[in-house]
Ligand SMILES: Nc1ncnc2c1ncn2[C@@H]1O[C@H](COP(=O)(O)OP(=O)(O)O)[C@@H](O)[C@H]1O
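Before any questions on binding or motion, here is one chain by itself as structure tokens, the form predicted on its own.
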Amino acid sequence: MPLVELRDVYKTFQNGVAPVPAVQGVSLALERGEFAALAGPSGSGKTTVLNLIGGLDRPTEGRLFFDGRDISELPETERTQLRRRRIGFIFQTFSLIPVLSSVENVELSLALLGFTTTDMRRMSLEILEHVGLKGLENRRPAQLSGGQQQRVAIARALVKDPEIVLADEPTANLDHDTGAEILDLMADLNRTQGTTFLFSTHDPKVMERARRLILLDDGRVVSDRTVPSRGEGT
């Protein structure tokens, strides 16, 4: 059973009185442990597909399944619980809370899941060390480099042990070398922890590292290919 499956999914937004089709008849299945990228030009529907999988948007038509369960028309409360417990998000703008320290930003992912304060702090410190931020736990975002902020965002996504991490243009605001380091980190987490990653990107570095490349154009899948040799640190 795929972890995620889209069956003939459409998503249309209303721009004033005119409908704007963002996703048009997309069908794809994502297995556990994949390291995959949604690629295509700006406006091709990449972010919309991520938002649909993450339960941030609902399909206009079609069905969307998570771990075999149809989530297309789940009540908002159940969609929220799905996002909190089983899905991690990484955004190109990092989306960290400026007044919170690194460890406090990571703890946000656990705050609504019933963990004790002691467990939240322990788990957050452990994941920050795992992503290479030991010693920077008490720094606020403004005191960190772009790459360090993205590592905090990765730690925040991973601390709850999600089944899939959805990363929207994760290297867009990073320089070449820092972006490569972040990709190395995520590839290592995929390989050692089995975490499923799905990126949206137009960054050639990300496309080269993905083991599956799904090309979108005008809201449609135009190519879907797997390259097993990719993403292994080369």
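From a predicted model like this one, the values you see are computed outputs, not experimental measurements. Throughout, we count residues from 1 along the sequence that is shown.
Beyond what is shown, the protein has a form predicted in complex with the named molecule; the following relates to that form.
For the candidate spot formed by Phe13, Gly43 and Thr48, every residue has a non-hydrogen atom within 4.5 angstroms of the named molecule in the predicted bound form.
Scanning Ala210, Ile214, Val9, Ala22 against the named molecule in the predicted bound form with a 4.5 Å heavy atom cut-off leaves one residue, Ala22.
Annotated contact segment (heavy atom within 4.5 Å of the named molecule in the predicted bound form): 34-42, selected among 63-71, 34-42, 171-179, 185-193.
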